[in-house]
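Here's a solo chain for you in structure tokens, the form predicted on its own.
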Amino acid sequence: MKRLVIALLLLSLFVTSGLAAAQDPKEGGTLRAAWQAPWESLDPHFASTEASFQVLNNVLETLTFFDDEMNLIPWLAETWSRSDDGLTWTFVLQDGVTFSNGRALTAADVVWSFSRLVDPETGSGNAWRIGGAGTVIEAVDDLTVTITTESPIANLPASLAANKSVAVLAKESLEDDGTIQVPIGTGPFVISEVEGTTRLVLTARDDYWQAGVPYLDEVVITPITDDAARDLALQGGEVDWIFTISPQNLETLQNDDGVVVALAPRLSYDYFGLNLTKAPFDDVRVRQAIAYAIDREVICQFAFFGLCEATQGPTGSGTPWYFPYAPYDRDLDKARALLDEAGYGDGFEMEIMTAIGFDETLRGAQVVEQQLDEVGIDVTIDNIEFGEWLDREAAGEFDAFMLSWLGLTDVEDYFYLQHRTGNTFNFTGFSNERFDELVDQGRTIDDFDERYAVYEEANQILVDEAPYIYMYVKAEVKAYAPYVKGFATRSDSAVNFWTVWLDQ
């Protein structure tokens, strides 16, 4: 049934895109867009949230790109090739591309951007995408650049399309203190105004290297963190486009002639992570007990009102990297036995940290609170501002944190960044030598079946060790006014405004 739902969502996406493409775009106008949460950084090497990356999507560009059907295509690079030993990739850049400050893009800009990304002093959590500190980036000539890694990265071209952490930006973006407040990119828009984290304006470039776009004059972005308020802002005409909807309002919004609701399968997962550096979560039996104690179908229904697929691992059936391993059907007796064996037969207290602006995390935590109570675990929910949530996550000041991980275009996006020993985004403290060997090996393999087998073993280790308790994969949902045309709701959640136009 879930596969049927996903297929229908895809059909809906293709039909909607086809109707939009059949009309002649109009130029000009301002799109008023409401984000779900504020951006935390506009420096691509430090950005870590969807709110930041979706701003940067429209300002910065990458060597390669995923089109709306998730096919890898050329972008700033027109061709690429790999050396026989698999260590060196050569990229030939498009000629005639310019930054928003008017300067021509050259291979030297790729060298500078990627060198800053992998520099240990930068401390970017996304340096792994191009191999980390040992990677050597060199300009062969003005339009040719090589990337040489210490071990083969078979999927490097796809990794370069994953998000704007691997974008090319102008060195002039750098402030005197070494920070980047407003990046200078080759993209279709520039950031012309920033008012803290309350308002941001994207202004269209009239010299963008891809002819004919963007159509809009500007995009004004404001965060509205409350789901219901965001829905009402769209229905009331205060904004034209919103990041996501209240899932409980789906039918109401679909029946509103003044709203278009677009859905797609989402390459993501929702979860809660446990702090393995502190008791009792340092005991795998406790983590497994928690995994056995929850009912994912109920959580999916309550947290995201059924617009989701319950999962016991990171991958859902909408990705070719789906692994059906599912050992945690709800079993309260098994959960209690594991807790007793670990010395917590009388239960314990724990706190789940959720984020304001992500209402589904609060709803999900409320269900988890009730379900864990049945095995003697007393849960307290701390629903806090997202900035504080990020700070506490990074500092390890939590028992558990609940959120989603998205934009998972390749299998390593599900496993490597959050779980390999020592990685910046491995906030749980998980470390498993065999798992590390597998995810390192998986990066070097071209063949799908061989690579699938490697990650299948890694997936089983991760699910069995349970640093994350996986809950569900939700649908991607965007909503906008009927006069907003040309927007593609994508499985990787990318928000790309350069094809959008207003039929007004």
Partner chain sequence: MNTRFIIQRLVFSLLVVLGVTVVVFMIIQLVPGDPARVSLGQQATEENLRARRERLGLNRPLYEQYVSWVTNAAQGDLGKSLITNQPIGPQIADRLPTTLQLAGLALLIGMLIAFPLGIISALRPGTIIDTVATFVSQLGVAVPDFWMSILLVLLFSTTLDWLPPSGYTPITENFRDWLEHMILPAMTAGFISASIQTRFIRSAMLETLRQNYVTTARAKGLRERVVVLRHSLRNALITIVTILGLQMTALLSAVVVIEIVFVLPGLGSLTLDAVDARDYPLVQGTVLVMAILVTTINLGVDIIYFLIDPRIAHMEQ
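Note that the coordinates shown come from a computational prediction; the quantities given were computed from them, not determined experimentally. Numbering follows the first chain given and starts at 1. Think of the rigid core as the biggest set of C-alphas that the two forms share within 1.5 Å after superposition.
Beyond the structure shown, there is the form predicted in complex with the partner chain, which is absent from this document and is the topic of what follows.
A.B. asks: Only one of P120, G134, G212, P324 gets a heavy atom within 4.5 Å of the partner chain in the predicted complex. Which one?
C.D. replies: The residue in contact is P120.
A.B. asks: Within 4.5 Å of the partner chain in the predicted complex, heavy atoms considered, which of D177, D257, D207, D84?
C.D. replies: None of the other options qualify; the answer is D177.
A.B. asks: Can you work out whether A279 and the partner chain are in contact in the predicted complex, taking contact to mean some heavy atom pair no more than 4.5 Å apart?
C.D. replies: A279: no contact with the partner chain in the predicted complex.
A.B. asks: Wondering, does V140 line up within 4.5 Å of the partner chain in the predicted complex on heavy atoms?
C.D. replies: V140: no, not in contact with the partner chain in the predicted complex.
A.B. asks: Taking the partner chain as it sits in the predicted complex, is W39 near enough to touch it, meaning that at least one heavy atom pair lies within 4.5 angstroms?
C.D. replies: Within the cut-off, so yes.
A.B. asks: Find out whether any non-hydrogen atom of A337 is located within 4.5 angstroms of the partner chain in the predicted complex, and reply yes or no.
C.D. replies: No - in the predicted complex, heavy atoms of A337 and the partner chain never come within 4.5 Å of each other.
A.B. asks: In the predicted complex, which of the stretches 85-93, 400-408, 190-198, 283-291 has residues with heavy atoms within 4.5 Å of the partner chain?
C.D. replies: Only one stretch passes the 4.5 Å heavy-atom test: 190-198.
A.B. asks: Since the partner isn't included here, can you check whether the partner chain sits close to all of P183, T203 and A494 in the predicted complex (heavy atom within 4.5 Å for each)?
C.D. replies: So, no: the whole triplet misses the partner chain.
A.B. asks: Aligned on the rigid core, do the two forms place the Cα of T225 2 Å or more apart, comparing between this form and the one not shown?
C.D. replies: For T225, whose C-alpha is compared between this form and the one not shown after core superposition, the shift is less than 2 Å.
A.B. asks: Once the core is aligned, please say if the CA of L87 is shifted by at least 2 angstroms between this form and the one not shown.
C.D. replies: The answer is no, as the C-alpha of L87 shifts between this form and the one not shown by less than 2 Å after core alignment.
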